[in-house]
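The chain below stands alone and is given as structure tokens, in the form predicted alone.
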Amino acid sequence: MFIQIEPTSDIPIYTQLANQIIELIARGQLKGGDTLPSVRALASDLSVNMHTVNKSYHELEHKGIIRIVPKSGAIINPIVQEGITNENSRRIIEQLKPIIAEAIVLGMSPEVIQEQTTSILITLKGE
């Protein structure tokens, strides 16, 4: 599992970590049932505080991406085959809307937004 933290980024480290784990799952490099490294081990590998990794794991658990099992660690939930829940769909739309609005305000055309979105999907799915 390759994760690279950018300490000078404006994005908090726990968010960087959560985002990269989500991306690894989306790319198929991590799969449902896989166990993530322990908080202590990952914190040591990344040279970050254990509380940072713990916060990231709890964020992933809150989103339903992993489950934390005492004494077993963090386990990736299988990708839901029957579709996304209404709650998760609403949450994702709420997060996308301000990003798309910002892109428009900064001058990105709807066509470029669609092209970039398609490019990201292709990259994540490895097509």
Partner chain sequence: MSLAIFLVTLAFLIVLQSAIPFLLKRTIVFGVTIPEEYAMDSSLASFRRKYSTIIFLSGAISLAALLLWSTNTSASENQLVLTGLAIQSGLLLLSMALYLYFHAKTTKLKQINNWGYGLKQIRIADLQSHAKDSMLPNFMYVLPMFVTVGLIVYTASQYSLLPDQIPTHWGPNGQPDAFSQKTPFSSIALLLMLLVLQVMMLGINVATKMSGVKLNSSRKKSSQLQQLAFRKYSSWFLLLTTILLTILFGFLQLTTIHGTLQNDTVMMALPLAFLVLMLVASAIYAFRVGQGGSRIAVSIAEEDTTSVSEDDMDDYWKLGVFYVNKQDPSIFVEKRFGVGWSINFGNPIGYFVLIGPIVLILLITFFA
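Numbering follows the first chain given and starts at 1. As the structure is a prediction and not an experimental result, all values here were calculated from the model.
Note that the form predicted in complex with its partner chain isn't included here; everything after this is about it.
| Closest heavy atom of I3 to its partner chain in the predicted bound form, within 4.5 Å or not? | So I3 counts as contacting its partner chain.
| task | May I ask you to state whether G64 is within 4.5 Å of its partner chain in the predicted bound form, using heavy atom distances? | result | No, no contact at 4.5 Å.
| task | Please check if P37 has a heavy atom lying within 4.5 Å of any heavy atom of its partner chain in the predicted bound form. | result | The answer is yes: P37 has a heavy atom within 4.5 Å of its partner chain.
| said: Would you classify L24 as touching its partner chain in the predicted bound form, given a 4.5 Å non-hydrogen atom cut-off? | reply: Yes.
| field | Candidate from S44, N88, N54, N77 lying within 4.5 Å of its partner chain in the predicted bound form - any heavy atom | value | Selected residue: S44.
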